[in-house]
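Quick heads-up: it's one chain on its own, the form predicted on its own, in structure tokens.
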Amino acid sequence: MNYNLSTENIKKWETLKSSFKKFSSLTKGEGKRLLISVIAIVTNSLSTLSSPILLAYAIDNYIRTKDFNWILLFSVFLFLIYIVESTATYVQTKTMWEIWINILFRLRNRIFTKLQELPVTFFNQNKTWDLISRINSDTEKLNMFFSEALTQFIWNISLITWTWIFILAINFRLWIVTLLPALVIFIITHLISPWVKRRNLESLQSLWAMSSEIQESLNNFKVMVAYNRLDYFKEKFKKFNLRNYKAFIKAWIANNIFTPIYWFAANIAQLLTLSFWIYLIMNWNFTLWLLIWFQFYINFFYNSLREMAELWSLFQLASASLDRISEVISMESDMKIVPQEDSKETVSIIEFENVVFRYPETSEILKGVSFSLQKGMTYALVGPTGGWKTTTASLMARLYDPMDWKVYLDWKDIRSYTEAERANKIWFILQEPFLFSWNIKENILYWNSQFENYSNEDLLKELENKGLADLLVKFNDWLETEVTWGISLGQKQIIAFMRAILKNPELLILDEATANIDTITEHLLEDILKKLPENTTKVIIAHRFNTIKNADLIFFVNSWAIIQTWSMQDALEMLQHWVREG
């Protein structure tokens, strides 16, 4: 399955209608607050638009006649309207703030939960920095839109809608004249919005590509210094920076194209309405209060449109960010839990049955592979670099699924186990183990509920029983040692080894797990492995033959095939033959 995240994969989100649909889908669970907010916004809009009516009517009927009683009464009405308007403004601001803070909270959780559901293939096909940017930077752009622009955005839409209605109530022909420029604005906005969003998407993609390149270069800074290739990094960065600069300029032009269009339309509309006013006044079809009233609404209408021009660019940027987030959320794992069929009768802990496997966009690397691993035995996987040893071990742990046929774990289809069930049976120690920025105790107890409530003293006793306590001598603060950048790769492998042994898995896979450990410590680890329960099956992947000298059986793993050998000498001869043939 293709899990590659790219702009091309989200063309389905590019329409204006779908953008509004996606934003509205985020408000699920906020119905009550949203209703209160809408009522407050409508009330606020009506209050704002009611003031000109009262003023115009009072001027036309009472101020000219100096009827102070009615003038005082209208002043009280205006005062009450201003109180309602202020209260509605407070309510809409408060409820909208509660809505967007809840939306962002749920959205970040939803993205992170989705990432945990996706298979290893997804992370192989996408860069870490791009994923981080979608969780942090893209949600932050949504945060900016929700916190700074959304209330004003909805307020202007409400104000424009009610102004249209009020203008229609004054004079239908004048409403038509006023509406024509706005209709042109709507058509232009609808047509160019997808183009604006694409420009924003391209800008975001180029920015995260540049950030990813910076991260990769900084991670390999020692290598660049050692080989004196800082010039290569500079040139490469210049290319990414130039690409980002060009994409940013295009996005800036696209985002600011609305402002001159909206302003021009507003000026044309005022010119048209002024001409029509003159016509109506010359024919005595317009009173003074209607003229004042209409002037207020024309200003409200097109001032709101001018503000919408600025807000629309923020909406397009937020929409582009939401597209990138939606792309992750829409991903579905192809590694489903399947119903358990009849158990396969076998004494093996792992069995491959005619397994066929390939990575996305590659040819088959395992073809019809069949073998089984017996419980309690130690197996070694040897072979040339790039011979798919780690891939074979990954299939044992169901980090990937084969393209055809099955892998069985303890008599059952491995796909029928839940992730928790499988993790309790299988543990994988990688050549470059991942550790959290916690202390050693927290790291070795990760995913191990059996000892989570143990004190340091109780845990030390348990480590001594398993022969692991001597490994802590290599750390200054023992269990409280913080895992920081100063921890060597060999020390990380020791911590990962301790974590695996404490788990007591039924199948323990060691992928070059001692490659960065000194010989004395390696012998100590071999003695610890011997103390594991008798039914524990061990699979060791190594290039050093002294690491696998105690293996019960050795498999030679090469492209397409896995061949059982009967001794280390056979495995060595196969490797030498492969080198000569190569």
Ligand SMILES: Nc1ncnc2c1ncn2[C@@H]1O[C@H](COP(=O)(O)OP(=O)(O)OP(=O)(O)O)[C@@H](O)[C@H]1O
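Start at 1 and count along the sequence shown; that's the residue number. Keep in mind the model is a prediction, meaning the values are calculated, not measured.
This next part talks about the form predicted together with the ligand, which is not shown.
Student: Which residue among N354, N124, Q152, N241 has a heavy atom within 4.5 angstroms of the ligand in the predicted complex?
Tutor: Looking at N354, N124, Q152, N241 one by one, just N124 meets the 4.5 Å heavy-atom criterion.
Student: Considering non-hydrogen atoms and a 4.5 Å limit, which listed residue (P181, P194, P119, P384) is close to the ligand in the predicted complex?
Tutor: Checking each option against the ligand in the predicted complex, the one that comes within 4.5 Å is P384.
Student: Considering only heavy atoms, tell me if S449 and the ligand come within 4.5 Å of each other in the predicted complex.
Tutor: Contact check for S449: no, nothing within 4.5 Å of the ligand in the predicted complex.
Student: Check whether W388 has any heavy atom within 4.5 Å of a heavy atom of the ligand in the predicted complex, and answer yes or no.
Tutor: Flag for W388 set to yes.
Student: S158 near the ligand in the predicted complex, any heavy atom under 4.5 Å?
Tutor: Looking in the predicted complex, residue contacts with the ligand do not include S158, since no heavy atom lies within 4.5 Å.
Student: Taking the ligand as it sits in the predicted complex, is T139 near enough to touch it, meaning that at least one heavy atom pair lies within 4.5 angstroms?
Tutor: Result no; T139 lies far from the ligand in the predicted complex.
Student: Which of these stretches, 305-313, 487-495, 186-194, 359-367, has heavy atoms within 4.5 Å of the ligand in the predicted complex?
Tutor: Residues of 359-367 come within 4.5 Å of the partner.
Student: Mind listing which residues of 427-449 have a heavy atom within 4.5 Å of the ligand in the predicted complex?
Tutor: Residue within 4.5 Å: Q431, and no other.
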